[in-house]
Each structure stands twice: as C-alpha cells, then as structure tokens.
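Only one chain is given next, in structure tokens, and it is the form predicted on its own.
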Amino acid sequence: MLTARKVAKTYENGTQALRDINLTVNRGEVVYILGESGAGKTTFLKLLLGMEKPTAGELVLAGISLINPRPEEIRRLRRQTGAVFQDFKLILGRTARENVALSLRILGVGWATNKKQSEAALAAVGLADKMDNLVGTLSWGERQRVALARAVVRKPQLLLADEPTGNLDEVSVGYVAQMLTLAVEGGSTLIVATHDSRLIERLPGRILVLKEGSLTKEPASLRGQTACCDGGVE
C-alpha cells in the first residue's frame, strides 16, 4: 500500500518537518504514529493525501508516486482515501446526515443506498439521535464523530486519521474504536496519528514514533498493550 524511502519535507521558511522517513505499510495494516506536538505527524498524513509534496526521497501510495503526481492521480487517490483531520471541514449549515451523505453522493451512490449507509455510519459512532441536527449545533466531539463517519462510509482503501479521539470521553472513544475496527474489517488500511493509548488498547496495531521529524520503533512502555510488528521502520 505504502512505500517511503528517505522522505523529507522542508518548508520554505527552512523548517524541516520530516527527515529520512523509511517505511512500508501493507494493505489492511493498522499503523499508529505517536509523537509530541510539532513532531511531524500531521505533515506526514498530508503528504499521503497529496496536500503537501515531499522535498526529497521516494513516496509511493497505491501505485502512485507522490513526489510529482499528476492532478488526475491525486483525484484518483483521494477517491480511494478517507481522511479525518482536526479541522474536520464539515458544512456547519447542513445536518450530520447531509454531511455524511455528500461524501457518498460524490462517489455516485444512489439516494436510497446513500440514506441507508449514511444513517448506519452515524449510528455506529453513537449519533443515531442527532442525524438531523445541524452540524453547527453539535459539540466539538460530536462533530469529530460526524467527520469520522463521513470518512469511513466511503469504504476507503486507505483511512488517515489525525488525533481521532482527541478530547473525547471514554464512551466516545469506544464508538470511534468500533468504527475504525469496522473499517479495517472491511479492508481499509489505517494510519492514525495519535497519543491516546485508549484507542490503541481497543484496536491493536503497529506503533511508530516520530521524534524531531524522524521515525523510530514503538516505545517499550506500550509493547505490552499492542500487537506490534517490529519490521515496520526500515
């Protein structure tokens, strides 16, 4: 699914967000990327979505080189990818159901199937009773779950999530873990930037750490909580 070789990202102001990233992710894997604020986690996810371009190295995702991709390749990649970033990008003047349904409408899903799948996705994240609420009236955590439902309902080949359980209570974390588990069981590859051990405990995966823009293997303190693969960082 993903191959990175000596990938680096340096911004115009000279800030080096990523350096010498070497990583292979297989289809269907669950990979967690841990790191302090500013370590480069969000930048790495944005590279995978084509929102940023690497300044060095080789980065191939689903057979598409992200070093200098063609516009049609980026469009194709994004149709196969679900993403949840911390700004959510929801339409506040529309309902939770309408926000999720729009994601399927773009893919050409018919009205009846769209309605059924949108409602099921919102129910899976614990929002069955708020489907017809305007997103602008929902709490921050509820909006976060709407964004997750919108991403997962597409049944993407790749699902990217940036702190999907940040500031959520225990019950909401459970809903998020359940939704991500369903995505993985449906065949999605999952890459999550997080610091939340509650999510990792519920959905084990390989743990990597970004420190000052470089990847290392999982911290020893979390080895007992996860089913990790030692061969992930090359």
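This is a predicted model, so every value here is computed, not measured. Numbers for residues come from their place in the sequence shown, where the first is 1.
There is another form of this protein, the form predicted together with a small molecule, and it is not shown here; the text below is about that form.
Participant: Examine Ile21 and determine whether its closest non-hydrogen atom to the small molecule in the predicted complex is within 4.5 angstroms.
Facilitator: Outside the cut-off, so no.
Participant: Even though the partner isn't displayed, in the predicted complex is Gly38 close enough to the small molecule, meaning a heavy atom within 4.5 Å?
Facilitator: Heavy-atom contact with the small molecule at 4.5 Å: present for Gly38.
Participant: Check whether Thr216 has any heavy atom within 4.5 Å of a heavy atom of the small molecule in the predicted complex, and answer yes or no.
Facilitator: No, Thr216 is distant from the partner.
Participant: Even though the partner isn't displayed, in the predicted complex is Gln86 close enough to the small molecule, meaning a heavy atom within 4.5 Å?
Facilitator: Heavy-atom contact with the small molecule at 4.5 Å: present for Gln86.
Participant: Which is the contacting stretch out of 168-176, 42-50, 184-192, 57-65, given heavy atoms within 4.5 Å of the small molecule in the predicted complex?
Facilitator: In short, 42-50.
Participant: Which one, Glu119, Glu73, Glu98, Glu163, lies within 4.5 Å of the small molecule in the predicted complex by heavy atoms?
Facilitator: Exactly one residue meets the criterion: Glu163.
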